[in-house]
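One chain is shown next in structure tokens, namely the form predicted alone.
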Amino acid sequence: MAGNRGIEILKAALKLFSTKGFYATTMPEIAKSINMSSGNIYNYYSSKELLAKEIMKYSSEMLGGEIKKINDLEISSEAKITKIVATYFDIACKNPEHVNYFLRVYLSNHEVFKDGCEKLLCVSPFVTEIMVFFEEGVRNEELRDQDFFSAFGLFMGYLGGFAFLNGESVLPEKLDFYIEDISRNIFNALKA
């Protein structure tokens, strides 16, 4: 990825992949959406598969950075959960392409991500910050010591599930309406 133009390509591809799907989106279509020649896009990303992996890393770094800001706060684990839920829902509402990409492209097209993104490699910045959150909560005796993936699955099940339902326009209320209840449910399931 090279500079601002590379980020511009990532953002354009993110929007197209998250709405049209990976296979229905072409590299020339991505290039056209940002007024770039079809051939020039390959100077930045040699293949659509490489671009897809870079998008996953980009989204994970963005979300991981937001969680790191919360982890750096001197507040309780319960308060951090509320901030994490609110942050995730805010991103799901303001930049739904990040959540949609994860749900509709990354989870649904394993064959695209098999080389270079296996075993959570492309989402490690986000997963690492969630791990830091859990470890600190256990160390402070606010959260129960348990298998990371059990706790992670519970946390992400709520967040991903509600973001999906919101994206499908199923929820009767706006997403932020659910922050308090979801945060309380997550905390009650994880507390020491």
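Treat the numbers as computed from the prediction; the structure is a model and nothing was measured. When you see a residue number, it is the position in the sequence shown, counting from 1.
In what follows, reference is made to the form predicted together with the DNA, a form of this protein that is not presented.
query: Wondering, does residue 134 line up within 4.5 Å of the DNA in the predicted bound form on heavy atoms?
result: Residue-level check for residue 134: no, no contact with the DNA.
- prompt: Can you check whether residue 39 is within 4.5 Å of the DNA in the predicted bound form, heavy atom basis?
  reply: Residue-level check for residue 39: yes, a contact with the DNA.
- prompt: Given that the partner is absent here, does residue 156 sit within 4.5 Å of the DNA in the predicted bound form, heavy atoms only?
  reply: Close contact is absent here: in the predicted bound form, residue 156 is far from the DNA, nothing within 4.5 Å, heavy atoms only.
query: With the partner left out of view, is residue 28 within 4.5 angstroms of the DNA in the predicted bound form by any non-hydrogen atom?
result: Because a heavy atom of residue 28 falls inside 4.5 Å of the DNA in the predicted bound form, the answer is yes.
query: Thinking of 5, 43 and 47 as one candidate spot, does the DNA come within 4.5 Å of a heavy atom in every one of them in the predicted bound form?
result: So, yes: the whole triplet contacts the DNA.
message: Counting any heavy atom within 4.5 Å as contact, can you tell me which stretch out of 57 to 65, 120 to 128, 144 to 152, 28 to 36 lines the DNA in the predicted bound form?
response: Single hit among the candidates: 28 to 36.
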